[in-house]
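A single chain comes next, written as structure tokens; it is the form predicted on its own.
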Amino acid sequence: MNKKRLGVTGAIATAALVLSSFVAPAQAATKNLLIWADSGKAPSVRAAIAPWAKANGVTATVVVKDFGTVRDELITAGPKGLGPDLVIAPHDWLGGLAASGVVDRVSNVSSGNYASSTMDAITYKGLKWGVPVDVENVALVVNTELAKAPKTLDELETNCAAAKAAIKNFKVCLELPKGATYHSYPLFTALGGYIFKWNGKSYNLKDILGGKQFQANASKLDEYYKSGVLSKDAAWGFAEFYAGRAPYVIMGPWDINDLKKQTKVKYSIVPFPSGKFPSAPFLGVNAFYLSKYAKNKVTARSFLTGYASGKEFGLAWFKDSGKQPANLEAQADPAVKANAELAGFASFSAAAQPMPNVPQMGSVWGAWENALNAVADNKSTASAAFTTAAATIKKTIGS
């Protein structure tokens, strides 16, 4: 989904958290919790769990795992008794983990603590499987000195034409990295596209890549590459936007620190414009999952239902990570609401569609990226490229 999510190879054990002074050592020694997290999430897990661990006499150990391999390692290590009690992972892994039989249901978490779309993300085959930690989605970031925020694709095109005429060394209007599937989803949906057809509660795995609905508007992608709205040379790092040469870029909340550090561009964060269809980002939900083979299930469930799902944990998570907590009470806290950047991304979250958490999603990314690249390189029209991609995906997943 984005380059920032790649972890560090290998595992690094962390020190156990300090025990409460009022808990007897013999009692505390029987309370342990082992959590796996990638390098980006591990520090925040440690910070957010510390108050609960101290108050309950729990030794909580967070082990850093490589983001690219932890899923497979959980599947192989769990049955051997070598896995964790809990793992924190993006919700699109859920289908594969549940189908592999390595995670347990977590059914007694109050749905009222979360938005319905957040609960949809951790639901698989009608069952609840995790405790949401944070939520994220991309949005349009606007250089307010170069252009206004467009509400429609027509306005985007008009603003881009003006920017092309006014900006010296103009290269691209909407800086969207080549082949950026996850980031391109708002544009894809505005043109009538989708990965699997979403009915508001679940995905139809037989209806892929927008079908006729997208095909009717696919030529817009061809036009955007020819006119400079998009560019095949756009890359990660957003050099044109940060240099003040591109008025628009699609970013996620993981880019907030970079946005704040730079001083050249004055910006606002707004929903992506709609076309003939409403635009929608993917909703990403990081969640705790309980290993079926957890050695400390009682302690793990106590943490999940008694603390991780509550406001206090959500605020601790926000304070350390800077990310939007999934818990609604935490989201409503003045400290969270005062964060202008998170508020900007949240302005587009109501339209978000949960990224598919079905095992078949793994077969989509490559074909989707190939289609985008073929259009960018002028090797195929968007209509032909996505027809080929849909056929490839259908064949792969047997739909």
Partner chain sequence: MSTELIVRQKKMTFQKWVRVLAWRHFIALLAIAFALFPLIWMASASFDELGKINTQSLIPQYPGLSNYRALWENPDQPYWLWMRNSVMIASINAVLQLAIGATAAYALSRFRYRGRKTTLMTILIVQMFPQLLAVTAFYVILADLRESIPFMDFGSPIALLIIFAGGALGINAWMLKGFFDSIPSEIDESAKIDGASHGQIYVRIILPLALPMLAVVALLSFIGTMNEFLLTAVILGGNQEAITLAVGMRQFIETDFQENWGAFAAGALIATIPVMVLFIWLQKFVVSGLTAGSLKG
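Fair warning: this is a prediction, and the values are worked out from it, not measured in the lab. Numbering follows the first chain given and starts at 1.
Below, we refer to the form predicted together with its partner chain, which is not included among the displayed structures.
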Does each of Ala180, Gly192 and Tyr203 have at least one heavy atom within 4.5 Å of its partner chain in the model of the complex? no
With the partner left out here, check for me: in the model of the complex, does some heavy atom of Leu153 sit within 4.5 Å of its partner chain? no
Using the partner position in the model of the complex, report whether Gly344 sits within 4.5 Å of its partner chain, counting heavy atoms only. no
Ala77 within 4.5 Å of its partner chain in the model of the complex, heavy atoms: yes
Would you check, heavy atoms only and a 4.5 Å threshold, whether Val63 touches its partner chain in the model of the complex? yes
Listed range touching its partner chain, judged in the model of the complex by heavy atoms within 4.5 Å, from 250-258, 184-192, 160-168, 115-123: 250-258
Taking its partner chain in the model of the complex as the reference, which of Ser227, Gln262, Ser111, Ser268 has a non-hydrogen atom within 4.5 Å? Gln262
Just one of Gly310, Gly211, Pro90, Pro273 has a heavy atom within 4.5 Å of its partner chain in the model of the complex. Which one? Pro90
In sequence order, the residues of 204-229 that place a heavy atom within 4.5 Å of its partner chain in the model of the complex are none
